[in-house]
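Given as structure tokens, the chain that follows is alone and in the form predicted alone.
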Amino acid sequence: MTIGYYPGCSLEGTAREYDESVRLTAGALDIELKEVDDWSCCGATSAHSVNHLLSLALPARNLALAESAGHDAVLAPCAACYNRLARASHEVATDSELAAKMPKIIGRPFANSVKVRTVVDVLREAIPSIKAKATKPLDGMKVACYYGCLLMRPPEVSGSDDPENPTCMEDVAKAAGAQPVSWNLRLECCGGSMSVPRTGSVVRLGRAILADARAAGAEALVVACPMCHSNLDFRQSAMANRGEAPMPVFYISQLVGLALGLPAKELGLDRHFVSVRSLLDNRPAAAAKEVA
């Protein structure tokens, strides 16, 4: 399987470990990622609040580049990038006037023929391969799958299985040998774009999300968004000052990579603010205890 790859700005900056784990895990599953040549920022997350047409043209240019490279689908691991690319594709598909003028705006042909995929979409399709190649399944590690607000909504853009009660991330986690818990806040916003101007509010949102996951019995959180990861991992230092126990936060690509036996360091797990080491080191003992 070959698919176009749009890493976006975050995966080449603050979320390098997400990029590394996506590329490594995809390779282990025989999924070939072809990075879109000359890609540029999609405008997430601020362009749509400043200039609507620009917020569509920026992602449309990247879709046109993928199209010209012969791709019929492009993977955007960042939830914000995915949302902007999918939004542009949806608006061009449903607005004939916009579709007619978009090629002139972006300076290249654009037939809007490329489907935008999330990393969860791609991994869910690879579930048979994940199960077949999982040399180190996660022994029932209890995880809370966190979708946030950009992967599933709005439904007319995402085309998700069920925007209010999705199961795609849980399906992938189960294939990796983890045990997803049932919890309440998996679709709530973590306040990602307000992390700097409203830090106090973001810490409160993150605390509520982590507390709900912990109350449901989760040992770790699983995400598919670099902004969610940054908020829920990095901001735990403020919570630790109040004596709250830390909770590791994995990218879904890292979780699958571990099950495939890929090295934790190469998956970027040593760059998290909340260490995952004790959780991983104690897995055999925890599994033995659960069995007993």
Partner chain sequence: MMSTEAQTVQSENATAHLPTLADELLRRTGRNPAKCYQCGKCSAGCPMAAETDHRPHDVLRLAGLDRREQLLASESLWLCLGCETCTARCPNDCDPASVIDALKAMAVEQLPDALPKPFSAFHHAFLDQIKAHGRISELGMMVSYKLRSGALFADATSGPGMFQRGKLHLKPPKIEGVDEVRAIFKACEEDGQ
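Note that the structure is predicted; figures quoted are calculated from it, not measured. Positions refer to the first chain, counted from 1.
Separately, the form predicted in complex with the partner chain exists; it is not shown, and the next lines address it.
- In the predicted complex, at least one heavy atom of residue 52 sits within 4.5 Å of the partner chain.
- A residue is said to contact a partner when one of its heavy atoms sits within 4.5 Å of a partner heavy atom; residue 281 fails this definition for the partner chain in the predicted complex, lying far away.
- Although the partner is absent here, residue 58 is a contact residue: one of its heavy atoms lies within 4.5 angstroms of the partner chain in the predicted complex.
- Remark: residue 150 counts among the residues lining the partner chain in the predicted complex, judged by a heavy atom distance of 4.5 Å or less.
- The candidate spot formed by 10, 17 and 87 is fully in contact with the partner chain in the predicted complex: every one of the three has a heavy atom within 4.5 Å.
- Only one listed stretch (138 to 146, 202 to 210, 167 to 175, 110 to 118) carries heavy atoms within 4.5 Å of the partner chain in the predicted complex, and that stretch is 202 to 210.
- Only one of 72, 125, 95, 161 lies close to the partner chain in the predicted complex, with a heavy atom inside 4.5 Å, and it is 95.
- Distance criterion of 4.5 Å from any heavy atom to the partner chain in the predicted complex singles out 38 from the list 38, 244, 32, 266.
- Contacts between stretch 96 to 113 and the partner chain, counted in the predicted complex as any heavy atom lying within 4.5 Å, involve 97, 101, 105, 106, 108, listed in sequence order.
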